[in-house]
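The structure tokens that follow cover one protein chain in two forms, given apart as structure 1 and structure 2.
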Structure 1
């Protein structure tokens, strides 16, 4: 009997005890009707070949282990960045349970959102009644300042009209006439979570800005961060830089407090976020800057339509990307980049120089959202690393072209390939056939690490199986330090693991590196 009260064994050690191993082997032999071991081994080897890779990459319909989620997740995340705002997702209720779970598992924080709980009758008659009752209940129970409405694919397929429904609900007194209910249609069968983010941002801005007089306040800037699982660390870092510069700015959509509330005995359903008044006033800003281009294409078009200057970045991380961001801010605001920031920059460069011998020539596979992949690829090349596979399941042809341009700008990008629209099962073939030293992605990459032996560095949403990474910034020079250190730790840990066998590799297990 392996279990004891003195030393309680949970699943990890328990099932490796002989009693369980024997039991599971017997189960397999007697009851599972498995394929012969050799057949399994042969197929496993076959999946490592170029031949399998070609079949794998030729897939047209089947998607396996994609690195993207659906639009409403992005809309719910966007809404979480506004003051006392409740997400109301119109459609089937199971979806909302999924978004909440997904966000909570990453942030280790509460994630609140409600559903209009449409069922079969609503599929036939439409969900107007659900909207009318639902808004009334949400408004009464959860005391929001704003309710941000998005849709599941059910409501989209049956064609529910959010604008009309919300008007109806207001007419029926579900919420006061002047209560803010911005909305966005977020069909799950178009784009991905980053488009849902875009849609909700545009919806919020249109709600507050449409038909309003704009009086430009020269030098003021709006910042839209985009869907970012590292918003907690990143938004605070970007604020830190803008504060050092003395820029007059407004973060439009900031979930850094919402997803980082303290534990002090009180559950805050709402915390932080951009104030409604500030969103209104942001119409007057001279410019709106997006930190993630592919998250805000429609939103920035709208900002340009109302007369603002716009610019977008690809997740400003590393040296040159941060330089460009700061110089743009400086150009618009007329504020100098202060010495303190130049010193921060210098410290990052210092760290990169100190570690360059360990980073030079390392080969990487990188996946994630398009802007993130662009950012990491660029930074890797700054460290002398070589991106080999750059993959974004939700990457477009335009992204692919931009990536190729970036890679062509550096000799370190020579061997890189860009994989727009491919999934992580495709990545598996890529890693077997053209191996790399390190894989950069999120928690889903752990299966690739297991199958291919490529060490995984978790740097983007979602990170379920490691804690608190998102509390630290990746953007800016200090974020660059964090990314650099994380990569180096992985390299050193691997080297130590490979040279740790007593009596075998007492050499190379160096004290100083």
Structure 2
């Protein structure tokens, strides 16, 4: 074997060594019972056809690689955005390991969460004892200022009542009577991570605001960012814009510091987050604005019920979307948009104009959460690009209607198709039958890139196979510039690969573009 103490190979070159190639080939032949190579090749070619596409898109009882995650993941992420808050998931340990690993693999930071460790007996008799013991352990071991409770499939199937369980746990002394334990029921078998985020945000605000008297502070604004894998860069960029305007605001659920802790010799289980006192005081804000409409529908309804003005946006990215957000903030706060922000806007437009010849007419396939797909589609059309396939597995009929209205507003959207509820296996058929120049989504799209040859641009959660993208903004004018540069880099890299052969194609292997 080639591996030795003197010559340690990484797995990529190691498994290309002859010994491993022979071993893997023998394993396939002897244990996988494979079909003949020609049968496999024929079937692979069939899956690229329009006939297969029609069968694929007609699927109803099977989902293959959905572009979404489950509700509790959104609740865990939401909890991470509050001061010294531990996420407590009422369910099995394995489920919580998935939420933690999903977040830590994307952010490259520890993602803290605990479980009530429900097993077979709790599935039969209920998880009250697990809740009582779990809350006590969490409070004692991790010294949180708040514990945010959500649920997994197991707890929801048997009907565990979180409110009753938490009250019983407090009666038994697991945590002090006045300790903050907001909760949300987040069944993983319906909805997606954006619904779990929405449920936990509503649960936190209800916990602190219900029954409290509201005294409106004119011109003050609450900002709710929504589930966002780019929260580190985005939240800071939005703060930058609001600070330039001199707005009085509260960022409710800010996980930017929690998922960007410094390496300075000190471990921070908790870092940053919206202070509990600020959440309480946020009841008095004149308005609550959500940066992602489909992430916060129930939360905004609750904010309206307590008397606040509300408005939502579809991930303010690019020129027009950022304009609309800042003008709304200006209208509520009474603050003018300063020259410094106008200059940032102009620089983005200048950059778009500088690169227009390379962007115009490019065709795109886009997938991800509903607000993200809307935002990227809008920005692509601002650059003169043509969105052809717009897919959101957790998209609704209302989202589909909004998307069609957006696409109809521009000549660049006339060939676009909107796919609500479809998965990435459906996207594969779309890319084979109606090819595009670029694919925009998350790391799971790399398998589509491999199969179809469509270059992938990673711009949304989760990004597992690249590092530190989340530290840079996508929102605002600066975020738009970042997205613009990322798209252009992919276009130029692709052009270099296609013109690199000496004496054959390198007449276009240009130094200046």
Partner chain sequence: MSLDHENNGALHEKLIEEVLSQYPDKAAKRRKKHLSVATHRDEIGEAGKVLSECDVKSNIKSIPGVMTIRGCAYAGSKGVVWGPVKDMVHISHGPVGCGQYSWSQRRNYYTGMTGIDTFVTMQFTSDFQEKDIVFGGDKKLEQVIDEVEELFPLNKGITVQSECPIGLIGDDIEAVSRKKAKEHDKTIVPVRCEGFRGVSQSLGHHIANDAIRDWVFDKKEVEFEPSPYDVNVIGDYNIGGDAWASRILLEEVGLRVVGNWSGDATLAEIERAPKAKLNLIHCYRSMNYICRHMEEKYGIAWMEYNFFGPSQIEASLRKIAKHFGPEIEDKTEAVIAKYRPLVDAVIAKYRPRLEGKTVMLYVGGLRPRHVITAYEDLGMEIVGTGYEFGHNDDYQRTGHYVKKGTLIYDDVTGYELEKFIEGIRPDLVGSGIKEKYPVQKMGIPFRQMHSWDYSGPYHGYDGFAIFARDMDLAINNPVWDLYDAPWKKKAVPLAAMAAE
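Numbering follows the first chain given and starts at 1. Keep in mind the model is a prediction, meaning the values are calculated, not measured. C-alpha atoms forming the largest set that superposes within 1.5 Å between two forms make up the rigid core.
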{"query": "Label of the structure corresponding to the form predicted alone", "finding": "2"}
{"query": "Two-part rigid motion between structures 1 and 2: residue 278 with residue 451", "finding": "yes"}
{"query": "Relative rigid-part rotation, degrees, compared between structures 1 and 2", "finding": "16"}
{"query": "Core-referenced Cα shift (Å), residue 9, between structures 1 and 2", "finding": "3.6"}
